[in-house]
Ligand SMILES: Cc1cc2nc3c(=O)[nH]c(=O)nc-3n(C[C@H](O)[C@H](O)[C@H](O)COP(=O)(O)OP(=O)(O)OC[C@H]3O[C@@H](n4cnc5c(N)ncnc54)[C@H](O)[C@@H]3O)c2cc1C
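Before any questions on binding or motion, here is one chain by itself as structure tokens, the form predicted alone.
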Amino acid sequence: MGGGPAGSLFTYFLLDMAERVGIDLNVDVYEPRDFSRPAPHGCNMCGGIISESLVQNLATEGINLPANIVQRGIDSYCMHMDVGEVYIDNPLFEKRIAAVYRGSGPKGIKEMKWGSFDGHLQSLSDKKGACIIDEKVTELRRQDGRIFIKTKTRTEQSYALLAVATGVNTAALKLLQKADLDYKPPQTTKTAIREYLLGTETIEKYLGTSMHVFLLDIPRLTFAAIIPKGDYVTICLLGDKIDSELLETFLNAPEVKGCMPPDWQWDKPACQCSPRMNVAPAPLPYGDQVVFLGDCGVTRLYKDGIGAAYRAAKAAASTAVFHGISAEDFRSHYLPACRKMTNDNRIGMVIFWFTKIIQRLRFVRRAILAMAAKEQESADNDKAMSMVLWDMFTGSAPYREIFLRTLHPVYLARLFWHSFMALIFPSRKIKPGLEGTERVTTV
């Protein structure tokens, strides 16, 4: 159930591994969305950022992204605060990220220039031999060791294994709770996503190939970003129950308006949605002959949901093919991968708790910008703050690794020094001196 990244990757890995060991499987994928259509029919309500590490991991699996899938390559971040801004280039020039659409584009799109990321993954599972059923599941039950599924037009089908990859923005979760599956959904919070049509030339002029992130002292706002994509920009807000009041406050912030063209109308998006996001895992992401993948099971906190889907899908498929499909099999071989993400998310919660404190302490915000700007000015490869910020924004590294880096004595000493200087010289200006740019950061 579910043909997004988690469902399609699970299907791909399942059929690939089964073929290698000589097991003949029949796999049906129930996905009512048509990813070849623009929002809302083909949309999976996501910002659509993919780190280079995930692109490389997919490539090692034989999964390559066609050129028409990547809307725009992101080569830097611009971090905006009320005390100034700083551009952060790829740390060590090794990490890259890509902006994609999960469907074929926003609502009202006139010209289909780009392909769907989810649609591409689904086509790979189709080529592996899966049967894609473009219908919504209406009935679900378990009986005599089998899972039975029915749709509005198809007769009831029986299955030995059910992989659930529906996400958390669907009524299908109620079917799971009614069925005898011992399933309790994950905790979620409300987010906000908006798309604005600006045109390629305007985007290049005002936003370039940078993803713009915002750490502002706005209550309940944890993180926000503006992502350039083709002719559109995507604005994403994460935090505690994002509502229209918080969204309006953010969109009217001077730091946001400073990134956009003068005639930008914040209240006239081309497309918008308010999806729910997993912020705590499902208590038990498996059962006898059933496994839960992606957002409806366990994912990473706030970042890298597609990367988490990849890791969970591969672990679940490996368990099913090489070990079995009982609850005990999934407990022994799938649960460890889930626990690894869950434990890492706990560290992530600590990091975001510190982030909220930083958002309220002006001199610390100035210190962080000064430290990052100094690193960007330097030709030295020791860019500790830049790498911490980059991995926080992209989700390219585990939260545990990021947290341990912030405990390094050299990192702490530099942060203390810049904090001290920010207190003594609150209006100091820094020119990062990035080659070929005229970027100026005020702290």
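From 1 onward, residues are counted along the sequence shown. Just so it is clear, the structure is predicted and the values come from calculations on it, not from any experiment.
This next part talks about the form predicted together with the named molecule, which is not shown.
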Heavy atom within 4.5 Å of the named molecule in the model of the complex: which of 238, 83, 215, 338 fits that? Just give me the one.
238
Exactly one listed stretch (384-392, 398-406, 414-422, 44-52) reaches within 4.5 angstroms of the named molecule in the model of the complex by non-hydrogen atoms, and it is 44-52
Check, residue by residue, if 163, 285 and 289 all come within 4.5 Å of the named molecule in the model of the complex, counting heavy atoms only.
no
Whether residue 102 contacts the named molecule in the model of the complex should be assessed with a 4.5 Å heavy atom distance threshold; does it?
yes
Partner contact for residue 170 in the model of the complex: the named molecule, 4.5 angstroms, heavy atom
yes
I'd like to check something about residue 71: if you look in the model of the complex, is any of its heavy atoms closer than or equal to 4.5 Å to a heavy atom of the named molecule?
no
Would you please decide whether residue 313 lies within 4.5 angstroms of the named molecule in the model of the complex, comparing each non-hydrogen atom pair?
no
Does anything in 266-281 come within 4.5 Å of the named molecule in the model of the complex by heavy atoms, and if so which residues, in order?
275, 276, 277
